[in-house]
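Encoded as structure tokens, the following chain is the form predicted alone, with no partner shown.
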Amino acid sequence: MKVLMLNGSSKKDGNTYLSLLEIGKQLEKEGIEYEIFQIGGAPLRDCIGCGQCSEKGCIFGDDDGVNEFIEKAKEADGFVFGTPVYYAHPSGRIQSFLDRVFYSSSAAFRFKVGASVAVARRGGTTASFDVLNKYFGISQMSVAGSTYWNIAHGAGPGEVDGDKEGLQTMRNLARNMAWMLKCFEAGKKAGIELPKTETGNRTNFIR
């Protein structure tokens, strides 16, 4: 089993990365593989609702990592999305990235486990955490929790290492996610079928 994590910061080795790394190290102890996918600092376009998505993903995704991430997501069993906090909100980069990923390829995430992480100098973490969690709810995913909201604090490089409770929260998140993944796997082996999903009914009110 494998967890695919997304670092929504343009800083490759910043506090968001270190928080995800703490999760990854604990996942390995639980027998779960992990990978941290870096968004990086290159230009990244928004979803423009063009409707040109394909089985490959986003029509514009070949040069900014979106389609590469989608291919990895198809093989992953769980996900953690990490973001720094900008103006009490997730980074615009991670929202643009995830909008395109989920708009084009939400089936890659269905019935899998997800969690989000927000890292800030001080405030705005819970609002950012809430925004990222919305991707899971609309995609038939199960959300892993921890012993506190999945937040950590740090401003300068490496300062998150001083947030002992924050790192503890990351480790407990990893333990809970590993337990859920193992339960899901046991269910598959026991022959428990996935839920049947109704489709076709869309109510559009014109006012």
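Note that the structure is a prediction, hence the values are computed from the model and not measured. The first residue of the shown sequence is 1; numbering continues from there.
The protein also exists as the form predicted together with a small molecule; that form is not presented, and the subsequent description refers to it.
- A heavy atom within 4.5 Å of the small molecule in the model of the complex is found for exactly one of 113, 132, 85, 101: 85.
- Taking a 4.5 Å heavy atom cutoff to the small molecule in the model of the complex, the contact residue among 50, 155, 42, 138 is 155.
- Put simply, residue 123 is close to the small molecule in the model of the complex: some heavy atom of it is within 4.5 Å.
- Proximity of residue 11 to the small molecule in the model of the complex: non-hydrogen atoms within 4.5 Å are present.
- The closest non-hydrogen atom of residue 80 lies beyond 4.5 Å of the small molecule in the model of the complex.
- Contact annotation: residue 119 falls within 4.5 Å of the small molecule in the model of the complex, judged by heavy atom distances.
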